[in-house]
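Shown here is one chain on its own, the form predicted alone, set out as structure tokens.
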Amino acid sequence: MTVVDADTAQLGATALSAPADEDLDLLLLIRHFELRLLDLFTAGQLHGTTHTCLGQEYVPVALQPLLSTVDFVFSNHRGHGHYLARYSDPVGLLAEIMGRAGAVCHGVGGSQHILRDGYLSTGVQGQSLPVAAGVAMHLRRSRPGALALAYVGDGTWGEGAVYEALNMAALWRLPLLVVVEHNGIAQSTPTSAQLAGTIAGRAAAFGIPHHRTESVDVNVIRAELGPLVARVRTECVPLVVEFATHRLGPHSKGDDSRPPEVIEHARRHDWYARYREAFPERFAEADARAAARIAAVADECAARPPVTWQASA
């Protein structure tokens, strides 16, 4: 298995700019939410499966201020960070995953399938892109300036639906933003064993602009993407944005087949460690606040009664 194809020197050496307080708080909120999920699963308090975004939390945090409330976001199986960046609602999400009262989808969606306003997550790889293309067409006609964003992984590029959607988006000039969280592994298969060519090359085949970023600095990422996302809105030009990122945790709860050196490579490039080293005092205070907040959220949700579902008449 090969190490994730990110520029190691750039990721490891570039100094980070100081994050805004709200960005640091959100980054750490997502990190501690995901860590608590693994603890709850180990304790037998969760049912079904759950996939954490440990290591990738900065992606939706960086994108959050570039999005509008009229945009539609399509998430995936590893979508807790996407939801929390959109709504900052750890109570509703954790209640959903735990099947407790106050759950955002009445406990029927669980970890992977969340529907709220202009947000939808699903565990079916690739299926969101054709739907996102349809929503982008609707937005172009009814809400000029709005866009549809679809989060996918590098493994999703093995699905034919991805290419059908890109073809439609290019032909019909749809305001579609495709965000690829390229963490170098599709469940247990490294990218080098399942993806021919590059994501940039595949986007180019449809004449769709592509931008790859290897930064974990939320300020740098926004500066890179701001004009590009604005063009999606104003000119209805689809865009593929590829994040060279790292998955710290296992595919789901504990099924991690990666060699130790690959996991260690991901840990060395974790945004959490880099921000902690760059801004130690600010980070320690924010980290403690986030940990305490999530601990309180977990206690509150655990004390709630199980959700009851009643079909409407």
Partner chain sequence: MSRPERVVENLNRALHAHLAADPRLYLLGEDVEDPYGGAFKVTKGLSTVYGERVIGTPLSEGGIVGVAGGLALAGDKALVEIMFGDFAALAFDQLLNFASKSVSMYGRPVPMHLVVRCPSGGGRGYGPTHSQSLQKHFVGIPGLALYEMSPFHDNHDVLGRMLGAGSPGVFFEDKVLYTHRMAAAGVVDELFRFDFLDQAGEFARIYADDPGELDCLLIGAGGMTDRALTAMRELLLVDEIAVQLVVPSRLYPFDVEPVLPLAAKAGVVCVVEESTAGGTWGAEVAAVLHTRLWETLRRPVRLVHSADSIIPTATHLEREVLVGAATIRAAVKSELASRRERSLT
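Positions refer to the first chain, counted from 1. Fair warning: this is a prediction, and the values are worked out from it, not measured in the lab.
We do not show the form predicted together with its partner chain, though everything after this point is about it.
S.K.: When its partner chain is placed as it is in the predicted complex, which of 215-223, 235-243, 140-148, 194-202 ends up with heavy atoms within 4.5 Å of it?
M.R.: Contact criterion met by 140-148 only.
S.K.: I'd like to check something about residue 72: if you look in the predicted complex, is any of its heavy atoms closer than or equal to 4.5 Å to a heavy atom of its partner chain?
M.R.: Within the cut-off, so yes.
S.K.: Is residue 131 a contact residue for its partner chain in the predicted complex, using a 4.5 Å heavy atom cut-off?
M.R.: The answer is yes: residue 131 has a heavy atom within 4.5 Å of its partner chain.
S.K.: Taking its partner chain as it sits in the predicted complex, is residue 120 near enough to touch it, meaning that at least one heavy atom pair lies within 4.5 angstroms?
M.R.: Residue-level check for residue 120: yes, a contact with its partner chain.
S.K.: Is there any non-hydrogen atom of residue 211 lying within 4.5 Å of its partner chain in the predicted complex?
M.R.: Judged by the heavy-atom cut-off of 4.5 Å, residue 211 is well away from its partner chain in the predicted complex.
S.K.: Could you spot which one of 230, 91, 124, 101 gets a heavy atom to within 4.5 Å of its partner chain in the predicted complex?
M.R.: Flagged contact: 124.
S.K.: Which of these residues, 95, 135, 177, 152, gets a heavy atom within 4.5 Å of its partner chain in the predicted complex?
M.R.: Of the listed residues, the single hit is 135.
S.K.: Should the three residues 114, 167 and 171 be counted as contacting its partner chain in the predicted complex, with contact defined as a heavy atom within 4.5 Å for each?
M.R.: Per the other structure, all of 114, 167 and 171 touch its partner chain.
S.K.: Even though the chain is shown alone, can you say which residues of 89-113 have a heavy atom within 4.5 Å of its partner chain in the predicted complex?
M.R.: Residues within 4.5 Å: 104, 105, 106, 108, 109, 113.
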